[in-house]
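Only one chain is given next, in structure tokens, and it is the form predicted on its own.
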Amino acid sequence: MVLDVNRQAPREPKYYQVKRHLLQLIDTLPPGSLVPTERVLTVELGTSRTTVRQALSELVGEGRLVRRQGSGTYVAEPKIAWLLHMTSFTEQAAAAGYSASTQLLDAVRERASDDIAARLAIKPGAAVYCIERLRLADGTPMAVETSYLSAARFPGLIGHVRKTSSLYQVLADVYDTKPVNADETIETAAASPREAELLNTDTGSPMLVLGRHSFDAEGEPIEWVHSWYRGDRYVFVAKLAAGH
């Protein structure tokens, strides 16, 4: 099949027609199937290798295809739907049918920046705990989380966190504190070399960045956390209800 890239819709980039053709091909193949190489697609579609490469790169970034170094490009597994709940990662994973685990990457006491201090309702420069963890679902790296909490409100927190994987469980059992609501934001960003290495992806790959600012029943801030997820592997789902 040769695509006539000169007879496409106005303003449609040439690579986009190739991309649509590849999407049709992907829909007919099971996950894990090898797709034709750039050279083969260039000949079959009658277009340039640069055009084919751009179409493939977009599909990789969108999570429809996955590249394996030295092996080729394959149809990706379906994205994982991740429900957004006011619960711990462990509980969320269990609700989605996954077994959760956590690797503690770092846990330090530091001085709060102006931004962190404002979020935690403390003075700039006051002591906070910065806890960085790698979250895994069924043993597969899913997210890198960095949490900030007030050291004055939760004395000795790092020692407790080193003994268990669930921060929310520590807050409930040791400090009698439970998040009851939160403000959550979702942004996009490019993976830094460190996030890429931890999450088994490429530097610059699209990431979904969740920011959660949680509060207790009295409206006092508990935690500010940033979570980095691979944008090509996850879809966030939130259930909404009409306001009253």
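All values reported here derive from a predicted model rather than from experimental measurement. Numbering starts at 1 and follows the sequence shown. So that the term is clear: the rigid core is the largest set of C-alpha atoms that superpose within 1.5 Å between two forms.
Beyond the structure shown, there is the form predicted in complex with the DNA, which is absent from this document and is the topic of what follows.
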query: Per-stretch contact check against the DNA in the predicted bound form, the hit in 49 to 57, 183 to 191, 23 to 31, 205 to 213 (non-hydrogen atom, 4.5 angstroms); finding: 49 to 57
query: Residue contact check: residue 69 to the DNA in the predicted bound form, 4.5 Å heavy atom; finding: yes
query: Interface membership of residue 15, the DNA in the predicted bound form, 4.5 Å heavy atom rule; finding: yes
query: 4.5 angstroms heavy atom contact with the DNA in the predicted bound form for residue 73; finding: yes
query: Contact of residue 62 with the DNA in the predicted bound form (heavy atom, 4.5 Å); finding: no
query: Cα displacement of residue 207 between the shown form and the other one reaching 2 Å, rigid core superposed; finding: no
query: Core superposition between the shown form and the other one, C-alpha change of residue 49 at least 2 Å; finding: yes
query: Core-aligned C-alpha movement of residue 19 between the shown form and the other one, 2 Å or more; finding: yes
